[in-house]
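Two forms of a single protein chain come next, each set out by itself as structure tokens; they are called structure 1 and structure 2.
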Structure 1
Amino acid sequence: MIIKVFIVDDHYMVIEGIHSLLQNEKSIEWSGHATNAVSCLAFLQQQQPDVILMDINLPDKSGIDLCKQVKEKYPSIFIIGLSTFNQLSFIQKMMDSGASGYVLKNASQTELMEAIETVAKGKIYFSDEASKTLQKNEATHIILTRREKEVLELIAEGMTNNVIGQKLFISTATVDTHRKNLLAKLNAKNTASLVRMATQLQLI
């Protein structure tokens, strides 16, 4: 499988560095680069890559906002957040905006390739450092009740509140309460990010 990769970063050294890491990979097709949000969106109107490596700090717009905008318009494109910041807030905001992964700019060629290949398959990828940050900050603080775990597992299977209620013999309103509690506990904005975070933290 050939994966078309595009990069959005305002530093040419980063673009050139990543390009040199990927240029000899037979499974990668270099689609090009953009140095800001405007040129990225202009490029996407002409053609769409499979994976975008997206810097979080861009000169004209936050990479977090751009990620959300791209995912709303081109849901089939997978986005990997690219940053020098290994902070929980950045990772969570990027995932809430629809990113499929988060990689630090000091990533090795092996890690970068693993990230691209993983998200291209529709899976979630965090670099080792980002993964440790998530687990250190979140896993120790999240305590789910038995019922919340049951509801979470069924949400991850794509079931609606109504179906979950029937399966667990509880009311739809009760399921909705559990869902809201789960969103709050995992600091997730929607069901998709809830499932992503729960998977990464090995809660399901």
Structure 2
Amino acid sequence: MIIKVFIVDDHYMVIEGIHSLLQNEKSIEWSGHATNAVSCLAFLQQQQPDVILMDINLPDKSGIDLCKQVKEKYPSIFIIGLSTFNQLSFIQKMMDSGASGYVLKNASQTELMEAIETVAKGKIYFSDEASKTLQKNEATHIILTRREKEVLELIAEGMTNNVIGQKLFISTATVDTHRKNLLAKLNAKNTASLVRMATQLQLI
């Protein structure tokens, strides 16, 4: 079985690199490449590959959004998230958007082949480092409610409880309660460390 592989990445070096890594593989057919979301979608109207390697960071739209869009229109295409970053939030969002796997850009040829062959069968694949990140953060994962996220966002933008209350049509006292819960959940002493923690945990 020949697997048709397409790649979306705005870095020529990476496209060239993957092309080079895969060119001697008999089971792989190089379907083409795109450097942005628009030309990727245009290509898919003409023909559909089996597997798309998709960068998270694209110039015109995030790989997350593109992934969602592609899976809606072409559910039979399997998508592998591709990124420099081994960050929980990216991996989670990509998988939530319908991706079948996640591979870091420092992947070896072997790892890349494994990923492509695994997802082409309809299975899920994570590179070693990505799965480690998933496991590690599952324990320390902090779950914020919808409202808490909203409040956190506005706090980080420099709004006071009063202003946030007006913005969300709730009383200042309520905002204060959410704030207290945020401090407790993120184990922060005050606003400064709250914002610090939140950025480090990629919550904002």
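FYI, numbering is relative to structure 1, first residue = 1. Quantities reported herein were computed from a predicted structural model and do not represent experimental measurements. What we label the rigid core is the largest C-alpha set whose atoms superpose within 1.5 Å from one form to the other.
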item	value
Form predicted together with the DNA, given as structure number	2
Core-aligned CA displacement of Lys180 at least 2 Å between the two structures	yes
Per-residue C-alpha change between the two structures, Ile18, threshold 2 Å, rigid core fit	no
Rigid-core frame, C-alpha of Asn161, shift of 2 angstroms or more between the two structures	yes
Angstrom shift of the Cα atom of Val195 between the two structures (superposition on rigid core)	32.4
